[in-house]
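Below you will find one chain, with nothing else, as structure tokens; this is the form predicted on its own, and questions on how it binds or moves follow later.
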Amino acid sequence: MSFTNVLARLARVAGLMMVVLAVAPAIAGDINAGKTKATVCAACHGADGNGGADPSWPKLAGQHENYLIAQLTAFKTGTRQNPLMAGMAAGLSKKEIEDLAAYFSSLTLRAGAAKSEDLAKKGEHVYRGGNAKTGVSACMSCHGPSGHGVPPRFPKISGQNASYTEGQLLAFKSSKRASDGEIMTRIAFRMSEGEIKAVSEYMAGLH
């Protein structure tokens, strides 16, 4: 192989490495610092991030780091409304938010399960196919077939507590909660409450 060919091959390898590094998500926070800070979060979100006693509180384990940063920042600034979380986030610095996000994203989400098979089957139809008659998009088009999401914009939704998911979809439907570009607001507005309940049940067992 000529010296020119060797240089060309090295250049291609270097270029590929730069692409990989460019698309790989960077860990902004300190996991250990986040673990220490998260002690106070355990009461609602569980010691392992898989939820507390109230199923209307979300699981945070394994959620995308950038999404967690965005939501904690939204609670802090008031762009996402929740009296409890507003108080919890108010005193957090940017670094503490990044540390908490790094910690919770490093945890393992425990697989959930649907409680009603019939309801979950109805939800699967909406999740995978949407509702063409009412203009409801398939959930999987943004969140993926397994509900793992596409960071940083679309969160992981698989295995989440059904009551929490239902509450958030109803909040989007009534415009009490907004999203980037109002995507979820528009989709949830077109969903019936029955569809919301069904798709929430299906996603609880999705993994």
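None of these values were measured; they are calculated from a predicted model. We number the residues from 1 along the sequence you see.
There is also a form predicted together with a small molecule; it is not shown, and the following applies to it.
Although the partner is absent here, Asp48 sits far enough away that none of its heavy atoms falls within 4.5 Å of the small molecule in the predicted bound form. For the chain shown alone, Gly149 is not a contact residue for the small molecule in the predicted bound form, no non-hydrogen atom being within 4.5 angstroms.
In the predicted bound form, at least one heavy atom of Val40 sits within 4.5 Å of the small molecule. Proximity of Pro155 to the small molecule in the predicted bound form falls within the 4.5 Å heavy atom cutoff.
The putative spot formed by Ser56, Ser137 and Val199 is fully lined by the small molecule in the predicted bound form; each residue has a non-hydrogen atom within 4.5 angstroms of it.
Shown here is a form in which the CA atoms of Cys139 and Ser179 lie at least 3 Å closer together than they do in the predicted bound form. The Cα-Cα distance between Thr79 and Ser179 is shortened by 3 Å or more in the predicted bound form relative to the form shown here.
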